[in-house]
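One chain follows as C-alpha cells, the form predicted alone.
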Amino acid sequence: MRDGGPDVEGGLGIAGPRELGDVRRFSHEAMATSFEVYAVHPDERYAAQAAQAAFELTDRLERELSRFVPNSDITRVNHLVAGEGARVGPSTMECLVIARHLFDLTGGAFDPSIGTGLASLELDADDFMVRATIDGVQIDLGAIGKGYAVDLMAELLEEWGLQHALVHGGFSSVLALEPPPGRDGWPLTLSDPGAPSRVLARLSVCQTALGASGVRKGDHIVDPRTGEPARGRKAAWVALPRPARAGAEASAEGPRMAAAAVTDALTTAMMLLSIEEIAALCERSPGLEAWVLPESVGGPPGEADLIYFGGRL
C-alpha cells in the first residue's frame, strides 16, 4: 500500500490506505485512467491473477465501447446514417440500454450523445441491433463506461472468490464489495477537487457504488440540453447500494441495475440538475444519495458547504 494521506482523484478517495494492513493493491491503465483493485486474499499470486483477469475484461470493454477505437461497436454506431443498423456485442447493448434509461430518468441531463439524438436510436436488445432513424448521432460513453467496467470487474472478482475487495476507475467510479476483516466498511472520503487535502465528509461503505464529478480549471461539463457549461457547482458525488445478484437483472421498469454505471452517469447529471430536481430524484429512488459542493461565494470551502440528499443523515 502507498504511504501518506487519502488516495483521491475527482474528490473521492480511500482514507488512510497505509492503515488497511493486508489489503493487496493492483493497478492497470485503461480508458485514459488508472483502474485499481484493492483485495484481501491469503494468496498474493492468486489475487494478482484475479486482478489481471479483471483488467483484461476492462481492456476488452474499451475495445468495444470507445469511440476512439477504429471499428469498435460505438465507432460503427457513430457512422450510421438514417435507416442503417449495426449489430453490437451484449456489453455494448447493455451499456446503451442503461444510458437510455438514465437519459429518461434525468430529463436529458445525462446524455452520452451530447444532444445529437440518443433518443432517436432504436435499441433492439434481443437481437443486439442499433438502428439510426436520423443522421449524425454521436455517442461518447465516457461518462458511464468506466462505471460499467467497474461493475463487471467486481462481478468477475467475486467469481474468483475475492469477496473482500474494492474496485475503482480513476476514483471517479468506485465499487466497494465486502470490507477488509475487522472493518464495518471501506473508509472513503469526499474532498474538494481543488484542494484534495481538504476532506469534506468521511464514509464507511460496503456493497455500495460511488461516483464523483467535478469541474477543474479548463475542464468543463456541458449541459446537453442547452450547450452551456456547468455553472455553480464545484463537485458532485452519488452513492447507490449494490443490489443482490438475484435482484440485479433487467425488469419491465428498467435495465439491469449496474450500480457503478448508474452512479458514474448520475454524477454528471448532478452537476447540471437544479437542487429541487436532485432532491426529487433522490426521493423517488430508494437508496440513492447525493452530495453537491457549490462554488464558494467567498472564503474557503468546508463541510457546511456540502448539500446532502438522501437518508444517511
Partner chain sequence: MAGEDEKGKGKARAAGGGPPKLDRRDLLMGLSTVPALGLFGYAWNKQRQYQQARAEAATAPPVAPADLQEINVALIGAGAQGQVLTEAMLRIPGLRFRAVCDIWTEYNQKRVVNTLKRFKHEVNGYEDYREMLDKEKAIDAVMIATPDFWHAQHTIDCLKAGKHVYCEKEMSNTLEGARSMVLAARDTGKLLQIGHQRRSNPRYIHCYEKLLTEAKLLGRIVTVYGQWNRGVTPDLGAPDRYVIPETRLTQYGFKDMHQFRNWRWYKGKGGGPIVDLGSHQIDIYSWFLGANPSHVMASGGQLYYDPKTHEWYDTVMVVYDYDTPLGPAKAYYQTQTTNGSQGYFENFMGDQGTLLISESEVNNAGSLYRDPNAPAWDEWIQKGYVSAPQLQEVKEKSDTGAIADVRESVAPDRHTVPVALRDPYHQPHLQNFFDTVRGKAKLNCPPEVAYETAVAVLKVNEAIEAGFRLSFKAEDFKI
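Since the model is a prediction, treat every value here as computed from it, not as a measurement. Positions refer to the first chain, counted from 1.
Although it is not shown, the form predicted in complex with its partner chain is what the next lines describe.
Trainee: In the predicted bound form, does every one of Thr189, Arg198 and Pro243 come within 4.5 Å of its partner chain, counting any heavy atom?
Mentor: No, the candidate spot makes no contact with its partner chain.
Trainee: Pick from Glu122, Asp184, Glu159, Glu228: which has a non-hydrogen atom within 4.5 Å of its partner chain in the predicted bound form?
Mentor: Looking at Glu122, Asp184, Glu159, Glu228 one by one, just Glu159 meets the 4.5 Å heavy-atom criterion.
Trainee: Indicate whether Gln49 is a 4.5 Å heavy atom neighbour of its partner chain in the predicted bound form.
Mentor: Output for Gln49 is yes: heavy atoms within 4.5 Å of its partner chain.
Trainee: Under a 4.5 Å heavy atom criterion, is Leu105 part of the interface with its partner chain in the predicted bound form?
Mentor: Close contact is absent here: in the predicted bound form, Leu105 is far from its partner chain, nothing within 4.5 Å, heavy atoms only.
Trainee: Can you tell me whether Gly136 touches its partner chain? I mean in the predicted bound form, with a 4.5 angstroms heavy atom cut-off.
Mentor: No - in the predicted bound form, heavy atoms of Gly136 and its partner chain never come within 4.5 Å of each other.
Trainee: Please check if His79 has a heavy atom lying within 4.5 Å of any heavy atom of its partner chain in the predicted bound form.
Mentor: Yes - in the predicted bound form, heavy atoms of His79 and its partner chain come within 4.5 Å of each other.
Trainee: Any idea which of 136-144, 95-103, 159-167, 232-240 reaches within 4.5 Å of its partner chain in the predicted bound form, heavy atoms considered?
Mentor: Result for this chain: 159-167.
Trainee: For the stretch 115-134, return the residues whose heavy atoms include at least one within 4.5 Å of its partner chain in the predicted bound form, in the order they occur.
Mentor: Heavy-atom contacts within 4.5 Å come from Asp126, Asp127, Phe128, Met129.
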